[in-house]
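A single chain comes next, written as structure tokens; it is the form predicted alone.
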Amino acid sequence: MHRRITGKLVIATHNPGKLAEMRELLAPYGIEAVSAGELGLGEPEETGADFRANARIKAVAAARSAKIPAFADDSGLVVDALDGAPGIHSARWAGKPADFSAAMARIERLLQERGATTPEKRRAHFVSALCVAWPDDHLEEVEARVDGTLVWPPRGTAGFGYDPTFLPDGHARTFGEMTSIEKHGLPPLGLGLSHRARAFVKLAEIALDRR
């Protein structure tokens, strides 16, 4: 059976952009969210073979350490012409400290090397896997994606990560050119466009009560 999320929740991320989005998504549900960084929790090694496995690793580790439910996202950019790269390694391609400008340039260089110069050869999608774990190991897991095309040069300074180079299908602006409401706001304010918003809608249906 599904379990409802109530009270306090750990957001198992040290990524400030991801943290801000997840807090915004949770706000209408009256959930008190504290980040793993604020609690001084470490980052577990992400050894999973896919997004869902890595989200589970992060959520379970945080729930066991904090002794309260934990919410984790594992997401990334999947580029068709690059055989699915960077995929689950999307954050690692940016290095530490993260430099997504360099990561986007790397992707563009690889696309050029493979002759991927037309929109139909530059197809990509973002994936978001969400997991909520309880200290007793109960899990709620969902996954969603948004399809689009990679543009060059990057456009816009909003969002984070690979957003400035991703043009979602049916839109004329990249994620980097959209406001937070446009990108991941939920109805009635937004369209629930992003991969994370789409996954969150699925999670809300099974585990959250709007206030």
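These numbers were taken from a predicted model, which means no experiment stands behind them. Quick note: we count residues from 1 along the sequence shown, nothing fancier. For the two forms, the rigid core is made up of the largest set of C-alpha atoms that agree within 1.5 Å on superposition.
The same protein has a further form, the form predicted together with inosinic acid (IMP), not shown here; the description that follows concerns it.
- Interface residue remark: L139 is not counted as part of the site for inosinic acid (IMP) in the predicted bound form, having no heavy atom within 4.5 Å.
- Shown alone here, R196 lies within 4.5 Å of inosinic acid (IMP) in the predicted bound form, counting heavy atoms only.
- Although the partner is absent here, E46 is a contact residue: one of its heavy atoms lies within 4.5 angstroms of inosinic acid (IMP) in the predicted bound form.
- In the predicted bound form, inosinic acid (IMP) lies farther than 4.5 Å from every heavy atom of P69.
- The partner is not shown here, but in the predicted bound form the stretch 2-36 reaches within 4.5 angstroms of inosinic acid (IMP) through a heavy atom at K18 alone.
- Comparing the forms between this form and the one not shown, the C-alpha position of V201 differs by less than 2 angstroms, with the core used for superposition.
- Shown in the overlay between this form and the one not shown, fitted on the rigid core, is a CA shift at P187 smaller than 2 Å.
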